[in-house]
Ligand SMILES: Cc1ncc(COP(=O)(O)O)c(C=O)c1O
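Next up: a single chain in structure tokens, the form predicted on its own.
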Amino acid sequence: MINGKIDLRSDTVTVPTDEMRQAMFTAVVGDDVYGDDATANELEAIAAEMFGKEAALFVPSGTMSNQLAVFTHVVRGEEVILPDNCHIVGHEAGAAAIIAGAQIRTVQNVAGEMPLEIIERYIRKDISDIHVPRTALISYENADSDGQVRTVEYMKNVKALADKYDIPVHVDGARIFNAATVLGVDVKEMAQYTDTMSICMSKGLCAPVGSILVGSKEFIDKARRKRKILGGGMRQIGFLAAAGKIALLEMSKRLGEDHANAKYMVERLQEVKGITVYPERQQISMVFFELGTYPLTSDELVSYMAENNVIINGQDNGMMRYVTHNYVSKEEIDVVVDLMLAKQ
């Protein structure tokens, strides 16, 4: 529970653990703009080593991390190829157009993935043609906010295609540790097929704030300057970085428990009459279902749950989503499902 409530809205609702709070309280801090914050420097070094990259940069949010990547990779008027349902397209308020002046070229996703043949077809190959923008970046998510995971083989194939045309690849790895847990691989194995990657420490990893952008030293040096332009040059961020260290080093190792709890929730929800559960979509900590002939509407279910100290989101395009995390136990899953059973 969080503050006496069962919160299934997202893995973003996780709050700092007691260990994080203590680490934040005792963190050694300095002015990060001057490069003097020892804890932030340590976090960035840990992240760079963990993902096999030369350098890393702390930023306040996943959106800033993604937009900073686009802002640094892309010259105004150049084009980015991405899936039509990805976070950059659907949940970042058109920032790529506003900040980087990038043209977005979306590819219809198939189970969250851009087909390789479509990516290649969309790449602007004749850079001498003055009528077309230059393809400057290919980007996608792993895992995505629909809970789907890209395989290492897919990542390898996208990178090989991008390299063929000398185009960098940025991966929104907000939930990369979830993907690595599902695949049973080290995140470094996945990161080798990216030029840059953003990693969120507040989605399921319990840090209160922050994402990390990793890449080459040259890229991160450029991104650090552009972070300042975006207002992300912060001062004593070691208080936040202290929690981020625990998120990366410790909380990333327990995500299998969240995935197992989500699987258990899928099994329990299939007891509820009138709803359609989608077990095949449960790869990480997300459970998807439709209400169908269930007696309550989406809004009514949200209100009913709230009356019983359970917080959920309403449907999105007809689909309901419950998300397990560090503060959701099997016992609490039983409470939620039993509440739904009581209304069928």
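Residue indices: 1-based, along the sequence shown. Everything numeric in this text was worked out from a predicted model, so none of it was measured.
Below: the form predicted in complex with this ligand, not depicted.
Residues within 4.5 angstroms of this ligand in the model of the complex, judged by any non-hydrogen atom, belong to 196 to 204 and to none of the other stretches in 220 to 228, 241 to 249, 196 to 204, 131 to 139. Among S298, N41, Q282, S61, the residue placing a heavy atom within 4.5 Å of this ligand in the model of the complex is S61. In terms of contact with this ligand in the model of the complex, the residue from E113, E78, E92, E257 that brings a heavy atom within 4.5 Å is E92. Taking non-hydrogen atoms only, Q103 never approaches this ligand to within 4.5 angstroms in the model of the complex. In the model of the complex, T12 approaches this ligand with a heavy atom inside 4.5 Å. Taking non-hydrogen atoms only, R124 never approaches this ligand to within 4.5 angstroms in the model of the complex. Though the partner is left out of this view, I212 does not reach within 4.5 Å of this ligand in the model of the complex, counting heavy atoms only. Scanning 144 to 177 for heavy atoms within 4.5 Å of this ligand in the model of the complex gives S145, D172, A174, R175 in sequence order.
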